[in-house]
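Only one chain is included here, represented as structure tokens and corresponding to the form predicted on its own.
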């Protein structure tokens, strides 16, 4: 006789299930997507440490309660909150509390080949390009994505026509505003046509220290011979919970460069899934994570080489101060048909705090025999010899430490091609070091 063991539902899971029951119907196939995602969450719930992909980020424990879904944001408060890249030469779309704010968003005078509109408006109009929404699904259940699919009401639809080149980056500025903690669920879809080139930036910020829960998901389709650069900056308040899901499909001889900068939120989890479905494509997923206090940040990547001749590179740099905890889980899968694959993955951590912790779990799963793949991970303190060298030349201790930290994360930041965005990331790192004291 065997008995099925089931975990008791936490207050957060009960509240989330109740919120799922209040979700209105959506037009067409989107309604089934929502219903299917809600069923999955009600069956599986929040992940816990016995779930391999979440063993270092026990969301059942870290997310003790579910806050109410955020209401509409005022234009003035949303404008005050959207500070990141405020002076940059970008086309900005403000998404406040999970909904596009038209008054603060630049939908006018679009470049040739660019289609850009709020996701809710595209749904209401029955836009045929939404047929791709929900088309990229992880092999295993992902709680954050399931909640986003079921609860998302708005976001951004970006469509770049074949052969088009965008002069300005598209900046999707996510902001959390309002009185009291609230949850937001933004969903975006980015399609870059064959031979097109574009840069998409996503930023996340809030002006208060309240415990907001920000759940965002974006699907990217990169066409054959296309070039897409993606930059993300997560600078939410110190009590926030950030759950980000990114899904990529990369075509033949395409190039994809993704960079993530994380310095905010009490708990941050980024889940990245990339399917390389076109031969001879090149992808790079890089990031810099700067943590202090008791912050917890988890970067989990799954790169699936399905066809021959593709190249993938992953480089993540973590700086951990005080009692913070960093997590890097990266998995490269090479299918049997994916001969001539070249994959490299590296995670490096610089530990500044005596109680800080870094968990690295790089993996390779290879079913082909003609490949070049490797992974590695390092973790250590600042080199005493380098510190002494700078101090011996009159550089004060704190300044010497800052210079070495800047050099450490700079290797990852330098992978960003766009000059203005690269400078903005350097400023973010400098601001973190200045706040550290």
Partner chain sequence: MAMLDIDNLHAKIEGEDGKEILKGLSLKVNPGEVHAIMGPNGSGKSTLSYILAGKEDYEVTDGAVTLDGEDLLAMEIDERAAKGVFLAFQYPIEVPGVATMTFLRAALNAQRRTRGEEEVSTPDFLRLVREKAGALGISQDMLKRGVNVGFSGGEKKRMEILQMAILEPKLCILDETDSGLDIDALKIVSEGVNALRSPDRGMIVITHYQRLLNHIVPDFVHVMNKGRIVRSGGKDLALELEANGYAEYQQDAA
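What you see is a predicted model; the values in this text were computed from it and never measured. Residue numbers count along the first chain shown, from 1.
A second form of this protein, the form predicted together with the partner chain, is not displayed here; the remarks below concern that form.
*So which of 30, 381, 368, 403 gets a non-hydrogen atom within 4.5 Å of the partner chain in the predicted complex?*
Spelling it out, the residue with a heavy atom inside the cut-off is 403.
*At the 4.5 Å heavy atom threshold, is residue 50 in contact with the partner chain in the predicted complex?*
So residue 50 does not count as contacting the partner chain.
*Does residue 65 reach the partner chain in the predicted complex, with heavy atoms at most 4.5 Å apart?*
No, residue 65 is distant from the partner.
*residue 58 within 4.5 Å of the partner chain in the predicted complex, heavy atoms*: Judged by the heavy-atom cut-off of 4.5 Å, residue 58 is well away from the partner chain in the predicted complex.
*Would residue 395 count as a contact of the partner chain in the predicted complex, using a 4.5 angstroms cut-off between non-hydrogen atoms?*
Yes - in the predicted complex, heavy atoms of residue 395 and the partner chain come within 4.5 Å of each other.
*Which of 395-403, 372-380, 50-58, 33-41 sits within 4.5 Å of the partner chain in the predicted complex, heavy atom basis*: Residues of 395-403 come within 4.5 Å of the partner.
_Those residues of 365-389 which, in the predicted complex, come within 4.5 Å of the partner chain by heavy atom_ = Counting only heavy atoms within 4.5 Å of the partner chain in the predicted complex, the contacting residues of 365-389 are 385, 386, 388, 389.
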